[in-house]
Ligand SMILES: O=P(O)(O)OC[C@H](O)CO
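Single chain ahead, by itself, as structure tokens, in the form predicted alone.
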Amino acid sequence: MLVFVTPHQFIDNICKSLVGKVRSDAEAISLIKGMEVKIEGPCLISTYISEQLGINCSVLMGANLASEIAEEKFSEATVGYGNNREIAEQWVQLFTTPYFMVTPVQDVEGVELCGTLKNVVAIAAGFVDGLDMGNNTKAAIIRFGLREMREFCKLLFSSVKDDSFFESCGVADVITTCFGGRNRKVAEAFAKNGGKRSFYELEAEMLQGQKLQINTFPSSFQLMVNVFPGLLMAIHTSSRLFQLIERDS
């Protein structure tokens, strides 16, 4: 059983180094929240691992900030699996502890995409906090974001299940990330500084070696425009916001 839990930008080299060295009956699980965006379209990390190594790959996603898990505060997560319920139960048994509850869901694509797209919603939540727009607007951001996450997931994969969005990987992870995630934190600082300090500068200063959970900010904003139009409407698509964005692009 192989567990992949690295920053998404390293997965390509890791898989290439493992080619030909993994048994065909091995099972993998990815805890990586992200996806590869290629010319031919987006590629899920689990799909990439499966294609490169020729093995099945499940996913583990959820509302579980690492610092709180380290302190053994109660958290939960979702295992997204394909057709093998027995393997899913093995992953559940492996990861479950008295303070970490894991639930299996037969929906790899839905579970994994939730873990990716919530990071975009968190950027919008950070803008709301930085511009001091209040809790009502932030609640609207979360609702719009979750709804449009579901629409985007179903656009890419018609098999995605509605129930997945009510698991830890869905609504719970969106809420947690919009209040405690690093994307929200840096986006708030960006807005508070009036766009005078770039995302790259704030990332280096505030995250102490960690990276934003999305590659570059201009591409993140473009994804927000194309995929989350209602979410941006919830922040009024104000000229003030767009001026900040354009300065950092």
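Quick caveat: nothing in here was measured; it's all calculated off a predicted structure. Heads up: residue numbers just count along the shown sequence, starting at 1.
Unshown form predicted together with the ligand; subsequent notes refer to it.
This chain is displayed alone, yet in the predicted bound form one of Q90, T176, Q106, S75 has a heavy atom within 4.5 Å of the ligand; that residue is T176.
A28 falls outside the set of residues with a heavy atom inside 4.5 Å of the ligand in the predicted bound form. For the chain shown alone, L202 is not a contact residue for the ligand in the predicted bound form, no non-hydrogen atom being within 4.5 angstroms. Using a 4.5 angstroms limit between non-hydrogen atoms, L53 is distant from the ligand in the predicted bound form.
Of the heavy atoms in A191, none are within 4.5 Å of the ligand in the predicted bound form. Partner contact region in the predicted bound form: 113-121, out of 147-155, 79-87, 131-139, 113-121, criterion any non-hydrogen atom within 4.5 Å of the ligand. Along 62-77, a non-hydrogen atom within 4.5 Å of the ligand in the predicted bound form is carried by G62, A63, N64, L65, in order along the sequence.
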